[in-house]
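Quick setup: one chain, the form predicted alone, written in C-alpha cells, and binding and motion questions come after.
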C-alpha cells in the first residue's frame, strides 16, 4: 500500500445520494485506521449544483476563481508525489507546486506561484511565472543550477556543503534573489 499521504488531512465532499451518520462515521474511521488520514470535515453538497469540472485529477486543487489571487490563501496547488528526474519538466502556471521528493540536476520545475521541494533542489526552479514577484522557492536542501522568480535570475556559483536546514529564496532589495534560512512565511 502507498503511504505517501500518511497523516494528510482530507475534506470529504458528498453529493446526493448522501450517506447517513453511521456510514459517515464508518468512512471517517476507515480512512483514519486503514490509511492514517485525518478527516477535517464532511460537506454534504446539493446535487442540483453541478461541479465546475466533472472529472478533475485528484493530484491538485481546482479553484473556481478566474483571476490570479494576490495572496497565497485560496491559490491552487499541485502536489507531485515523486522525484523530478533529469530531463523531466513539471509545470503548473495556475498556482504553486509542492514536490514530495527531489528535483535532480537536469530536472526543471515551473510554477505561477511558490515552489516547495520537500527534498533537495539540484535542478532549475522558476517561481512566479505569472508575474507574482512575491513568489518564493523553498527546499530542504537548496543546491540549484538556476533559480528564477519572476524575471530575476540567480545561478549557482559554488559547491558549498548544504547548511543542514531548509532555505528560502525570495526577491530582496534591488530586485536580487536572496537565499536565507527558512523559518516561516
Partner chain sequence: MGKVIVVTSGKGGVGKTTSTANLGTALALLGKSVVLVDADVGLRNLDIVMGLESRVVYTSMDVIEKQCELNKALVRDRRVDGLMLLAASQKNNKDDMQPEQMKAICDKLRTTYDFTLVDSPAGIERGFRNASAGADEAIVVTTPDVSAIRDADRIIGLLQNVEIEPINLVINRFSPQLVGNGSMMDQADVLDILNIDLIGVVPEDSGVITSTNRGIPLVYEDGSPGAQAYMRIARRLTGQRIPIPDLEQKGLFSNILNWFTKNR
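Small disclaimer: the values here were computed from a predicted structure and weren't measured. Positions refer to the first chain, counted from 1.
Not pictured, yet referred to below: the form predicted in complex with the partner chain.
Asker: Indicate whether the candidate residues 88, 106 and 161 are all in contact with the partner chain in the predicted bound form, with contact defined as any heavy atom within 4.5 Å.
Answerer: Contact check passed for all of 88, 106 and 161.
Asker: Residue 83 near the partner chain in the predicted bound form, any heavy atom under 4.5 Å?
Answerer: Residue 83: yes, in contact with the partner chain in the predicted bound form.
Asker: Is residue 122 one of the residues lying within 4.5 Å of the partner chain in the predicted bound form, judged by heavy atom distances?
Answerer: Residue 122 belongs to the contact set for the partner chain.
Asker: Does any heavy atom of residue 75 come within 4.5 Å of a heavy atom of the partner chain in the predicted bound form?
Answerer: No, residue 75 sits far enough from the partner chain in the predicted bound form that none of its heavy atoms falls within 4.5 Å.
Asker: Determine whether any heavy atom of residue 126 comes within 4.5 Å of a heavy atom of the partner chain in the predicted bound form, and answer yes or no.
Answerer: Contact with the partner chain, no.
Asker: In the predicted bound form, which of the listed residues (152, 136, 145, 140) lies with a heavy atom within 4.5 Å of the partner chain?
Answerer: Only one listed residue qualifies here, and that residue is 145.
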